[in-house]
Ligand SMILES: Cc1cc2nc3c(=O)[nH]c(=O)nc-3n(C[C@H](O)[C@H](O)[C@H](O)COP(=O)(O)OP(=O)(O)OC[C@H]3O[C@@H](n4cnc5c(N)ncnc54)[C@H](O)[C@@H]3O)c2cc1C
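The data below hold one chain only, encoded as structure tokens and taken in the form predicted on its own.
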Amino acid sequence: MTETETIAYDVVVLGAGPVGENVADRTRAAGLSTAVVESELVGGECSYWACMPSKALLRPVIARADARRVPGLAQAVQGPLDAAAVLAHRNDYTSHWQDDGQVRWLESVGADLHRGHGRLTGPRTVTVTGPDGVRRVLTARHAVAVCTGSRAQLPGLPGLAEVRPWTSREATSAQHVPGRLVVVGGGVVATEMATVWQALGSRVTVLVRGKGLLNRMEPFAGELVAEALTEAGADVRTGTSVESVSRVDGTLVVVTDRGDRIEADEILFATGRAPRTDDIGLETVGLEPGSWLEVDDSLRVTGTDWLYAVGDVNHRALLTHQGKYQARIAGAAIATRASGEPLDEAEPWGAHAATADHHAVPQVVFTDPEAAAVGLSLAEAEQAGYRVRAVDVELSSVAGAGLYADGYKGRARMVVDVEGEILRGVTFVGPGVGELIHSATVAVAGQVPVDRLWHAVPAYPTISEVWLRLLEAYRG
């Protein structure tokens, strides 16, 4: 290999996380030669520092919580979790941060992997600097797809770097249980990691700048999760900001805007995400480095005919499943355009339009209790100008909930567009509700009329009977 080599492809994918992998899978299936560029591990954030490790950590926590609510079993699971076993299980799920299996999968679809840092160096051109310093220039006949994801965003507190704060990466990959942990933030990462480390033995303090947790969901979601965290022993403080962070003789000291002084061993900042676009050469194609990339519904970057931005980088829905959904659409759009066929862009529900990003984004927060939602909250629907009505049901009213857990506590809400009598959003909070959300997603994405939902009969006795209670409440 020469010092600088030029290789031509039909498609170049920048980033080998789940999104980039799915774009490559679709373009290869269409017969397009495809290169994938990755500077870290093939499999990306989800496989090693997000979805997989976090859920591996959470699963024993939630299983124990559920078991403690089942008569005849509760007394057998009162002891502490085996933290070492939980962490070892998490290590197995991340393949010990080795990506051999993911590389084999990428090879199996026929994509070429180029390890190193990739940067755009002009239209349809990506230059990769490998670990050995060798540069390769990859050209794309049809498309370059930016699938570089996002990274944790830290606040601009003086001296923060010196205290070596945790971000989501450290929180999901830590090999020891801190005695005292401060969690800053009130979103998904903050609540899930507070749930994990409190259960594994940390004394957790959660500092939330806003009024409550999970503020992008219905208010009762954050209220029920905060109540459960408090009952588990965590100290949840709302309306509180961090003024300063320092280490004194190895002890981390946090001072809040209320003048509180909190001592801890570690601090996790879960205060937002930023796009990983600051050093990928956007300036060479007239775009702003470090910016989110605006796209159309086929995931093509606005103002270009060859550049796609898929997953977190376009800021439409920062969720792995939505990124993979976008990847399937982007791959199909790239393949169709490469063939010379026109996209059916007039069809809003077609194979080349990521409409779910607007109408039916599902999400599950794997806390205890779980919080799951799809579509719009009541406030969001009203702000969007829909004439809606919210219908709430306590999940304890459903026979299946009582069988699932003694003293089951939770709530369901559906937001109904009263003009079209279709669902604009659904939220469930309670143990095990994550498995309910796909039925709600089908109802919202399919715009199923309320009258038709009466004929989708839930099995008895399951928690899914909440659908009947919601429909009964709506009809009054």
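Note that this is a predicted model, so its numbers are computed, not measured. Each residue number is its position in the shown sequence, starting from 1.
Just so you know, the form predicted together with this ligand exists too; it's not on screen, but the next bit is about it.
- Only one of 65-73, 438-446, 418-426, 37-45 places residue heavy atoms within 4.5 angstroms of this ligand in the predicted bound form, namely 37-45.
- Proximity to this ligand in the predicted bound form, taken as a non-hydrogen atom within 4.5 angstroms, holds for one residue of Ser150, Ser298, Thr271, Thr240, which is Ser150.
- When you look in the predicted bound form, the only residue of Ile280, Leu106, Leu181, Ala234 with a non-hydrogen atom within 4.5 Å of this ligand is Ile280.
- At a distance of at most 4.5 angstroms from this ligand in the predicted bound form, all three residues Val19, Cys51 and Leu318 contribute at least one non-hydrogen atom.
- The shortest heavy atom separation between Lys55 and this ligand in the predicted bound form is within 4.5 Å.
- Within 4.5 Å of any heavy atom of this ligand in the predicted bound form lies no heavy atom of Arg203.
- Not displayed here, this ligand is approached by Val310 to within 4.5 Å at the level of heavy atoms in the predicted bound form.
- By the criterion of a heavy atom within 4.5 Å, Val11 is excluded from the residues contacting this ligand in the predicted bound form.
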